[in-house]
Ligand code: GTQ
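Quick heads-up: it's one chain on its own, the form predicted alone, in structure tokens.
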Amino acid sequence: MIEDVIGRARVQATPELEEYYARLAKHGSGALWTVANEIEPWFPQPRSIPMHWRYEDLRPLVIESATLVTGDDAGRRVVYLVNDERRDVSAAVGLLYTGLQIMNPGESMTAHRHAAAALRFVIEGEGAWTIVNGDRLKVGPNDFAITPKGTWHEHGNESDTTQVIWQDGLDIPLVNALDSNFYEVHPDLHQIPGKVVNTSLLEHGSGILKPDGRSWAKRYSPLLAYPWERTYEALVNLARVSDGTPYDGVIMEYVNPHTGGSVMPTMGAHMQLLQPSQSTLAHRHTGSVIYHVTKGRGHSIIGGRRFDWKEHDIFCVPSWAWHEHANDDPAGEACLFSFNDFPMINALDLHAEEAMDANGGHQDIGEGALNSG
């Protein structure tokens, strides 16, 4: 890609150069100026595109999967969601993976662990549980749970009557891109859970108090489950005293209660509330986001495309894509759960953010932007 700009690669090909390039290739090398403009773009050029997955379309297919394959044979019975431009790495957006997992009544999956970090957001059904490093977590609709890197975990459904469906989120594409993934099946196939259910919630979930003298050296949150009731209450309380941000409405991050930081080193998660008929302003940022409509109905404009969403739909915002959200219900609020790769972006000092003004211009609102593009 040739750009006729001083400081950018603008070498015109000649027969002599082509012959030179061929000789370089024989030695596993190449001329930087032939690829420089492509690998060093003026601004982020994500391969992912905005996408919207309708739950009403996917739910019958997810339920059908429970009749076609067993949990033992599948390992995890999941219908994964893939971006049209990232099928090469099975990613939903950027280097983030997501899917819909279903468990039949009374079913349980074997324990395993991997280098990829994972999170769960329960969609429907009663009786869901997961065991993370021996802590048995009972979770229900709209509850959020994490299974951090390297932790033994297994899942199940203790209900006798209802299936459980939840959304998985993992950084598998990222870990694979770094050639750092591992996977291991538990030697006993199942863990022995502790005597008290939701131990981490009882110990670390007060929200205002931290256990005295309890050190926590791991890089992920010691709190493994975040109940919907407490989350929603926190959102509503904040909405009573704040309008939030003009770009996301009232938004709160799920955090590590010991540090106040993200729940895991590579993935973060938020819940946001849009007031009746509220519309946000357009902005863009580095980092990819996957949204799950927890409550309500509305639409988002992402990269110039409109996506109309309702409860349990999933949609994605690629890095550096302009986006804005709107609650289309004049009488009820809308809530959006989301997870992202922001912790990784921030750790690498790659955060950049811009807002669009009323005249269509751009204004930096975050560090890191060198050229707005």
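Just count from 1 along the sequence shown to find any residue number. Being a predicted model, the structure only gives us computed values, none of them experimental.
Below: the form predicted together with ligand GTQ, not depicted.
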Review point. Of R219, K138, H112, R297, which one comes within 4.5 Å of ligand GTQ in the model of the complex, counting heavy atoms only?
Key: H112
Review point. Which residue among H292, K149, H153, R86 has a heavy atom within 4.5 angstroms of ligand GTQ in the model of the complex?
Key: H153
Study note, to complete from the structure: Given 75-83, 243-251, 193-201, 226-234, the stretch touching ligand GTQ in the model of the complex at heavy atoms within 4.5 Å is 75-83
Exercise for review: Kindly indicate whether Q101, R120 and I172 are, all three, within 4.5 angstroms of ligand GTQ in the model of the complex, using heavy atoms.
Suggested key: yes
Exercise for review: Verify the contact flag for E107: yes if a non-hydrogen atom of it lies within 4.5 Å of a non-hydrogen atom of ligand GTQ in the model of the complex, no if not.
Suggested key: no
Check your understanding: Though only this chain appears here, would D168 touch ligand GTQ in the model of the complex if you measure heavy atom gaps against 4.5 Å?
Key -> yes
